[in-house]
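Let's start with one chain on its own, the form predicted alone, as structure tokens.
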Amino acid sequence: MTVETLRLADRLGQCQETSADAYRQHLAEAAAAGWRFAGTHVSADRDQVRTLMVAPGGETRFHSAPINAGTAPSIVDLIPAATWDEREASELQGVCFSGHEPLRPMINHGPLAEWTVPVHGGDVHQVAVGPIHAGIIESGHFRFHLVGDRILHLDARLFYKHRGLERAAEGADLTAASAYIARACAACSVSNGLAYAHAWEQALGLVPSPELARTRTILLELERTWNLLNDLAAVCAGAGMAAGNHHFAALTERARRLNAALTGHRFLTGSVRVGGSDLIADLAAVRAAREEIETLRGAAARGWRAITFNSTFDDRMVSTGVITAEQARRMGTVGPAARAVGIAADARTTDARLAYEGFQPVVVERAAGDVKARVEQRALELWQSLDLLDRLLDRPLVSAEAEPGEGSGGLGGEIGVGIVESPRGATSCVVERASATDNLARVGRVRLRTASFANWPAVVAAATGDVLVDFPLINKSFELCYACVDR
């Protein structure tokens, strides 16, 4: 192992920099032992690919392989969830992944034949939706291959507004670079920003104080609450249920106003910084927030009862947009979509940097992996988030700082990892320092892998076999971010 790898091992438990064959073998063994894939990226010096794996207990480990003559070994046959990661690295860093065939373009949009799957047969036709949509959403092109109204195959083409945020952050100090990451998506500002903050704090040998952990947990659950309410509104819209859509959309607005009252911003933007928190709220503000949370709980419960006992709405959801547990594991599906098939994985259960002591994920009783299960899963998680906020908002919020961790010293390590459970699932951020001898902590490489990035392939799988008119409902039942992908 090189000196660099030894330092990585010191920060993260173990890092394997090996030959191509050993790299694949180690990853196969890790996957068989229950480790979860959390991303593949090209290192700061562009001479390695690094794959992050997460143990069931939360331990993180990198496995690395050298890039020789622009080529690195593919792992998609071992870990299909790495497909998008390798395709993205191929286009943004120019790495050819041997064994990944066809390595179709994903960001640099070429002719139609280069990114769609050829489909032939009697009565097969195509329907193109997007990239411009009627709603105020980012661009996305969905190419449906149909037999009649039945979806035979779906090709999803995103990345129309790729902004190059990760590359823009390179060379910037940790504070300046945080703006690129936190603003990758307004709906996930806290989740993305906090994953970045945790990564830097790990690299710098810092741990959150109990008060800082509490403040950050409150911010995450505030973000989760308005997102879950918005998701329920969106599903109602996807099924044409205007009353449910309007009810939950109004509650979404109330939740965002609560965010503004506590933090000064409806989307909580700017509320997370590396190494501490400047958020202050006196006892009166905290009590008002708890009262509003109870109001939201009652109104959400009334709306939930109304849509639950609507048989027409229920019929649209049952057996629509199904993914199985096996499909979810192969694709690396995370968050409520994974828990809706019975995979009880939630980064909050192992996150020692946040105030989730005793937290246990909830899993819907009917874990059928269809639209209904995903909707019911969100309702369960909404009540859970409201309970967490009620418990944590028991005293004023004060400014707080991170503290030196056990064994930390000097300038810290060269690499850090942050993994946060966003409203859509586990989001990871890897930060590599530009130089461990620089008195300024500057970004050499940053990789943000959001839950939406992980889950878009599941939307494609869920749509296959259903009828075209149900795609809006299926898509809304995942309610993924386009902006998180177009970072």
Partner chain sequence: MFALLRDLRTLRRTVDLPAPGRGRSLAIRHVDAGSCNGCEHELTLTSSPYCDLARFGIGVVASPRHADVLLVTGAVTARMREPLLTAYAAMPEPRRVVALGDCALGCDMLGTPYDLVGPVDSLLPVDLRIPGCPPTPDEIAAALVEFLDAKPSRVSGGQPAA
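Positions refer to the first chain, counted from 1. Note that this is a predicted model, so its numbers are computed, not measured.
Keep in mind that the form predicted in complex with its partner chain is missing from the display, and what follows is about it.
Only one segment in the set 71-79, 211-219, 370-378, 174-182 has residues whose heavy atoms sit within 4.5 Å of its partner chain in the predicted bound form; it is 174-182. Among residues of the shown chain, Gly99 is not one whose heavy atoms approach its partner chain to within 4.5 Å in the predicted bound form. At least one heavy atom of Ala306 is located within 4.5 Å of its partner chain in the predicted bound form.
Interface membership of Trp226, defined by any non-hydrogen atom within 4.5 Å of its partner chain in the predicted bound form, is confirmed. Taking non-hydrogen atoms only, Ile137 approaches its partner chain to within 4.5 angstroms in the predicted bound form. Taking Phe267, Trp115, Tyr356, Phe144 one by one, only a single residue has any non-hydrogen atom within 4.5 Å of its partner chain in the predicted bound form, and it is Phe267. Lys161 is the sole member of Arg391, Lys161, Arg150, Arg287 with a non-hydrogen atom lying within 4.5 angstroms of its partner chain in the predicted bound form. Taking the partner from elsewhere, every residue among Ala168, His247 and Asn310 has a non-hydrogen atom within 4.5 angstroms of its partner chain in the predicted bound form. In the predicted bound form, its partner chain lies within 4.5 angstroms of at least one heavy atom of each of the following residues of 116-134: Pro131, Ile132, His133, Ala134, in sequence order.
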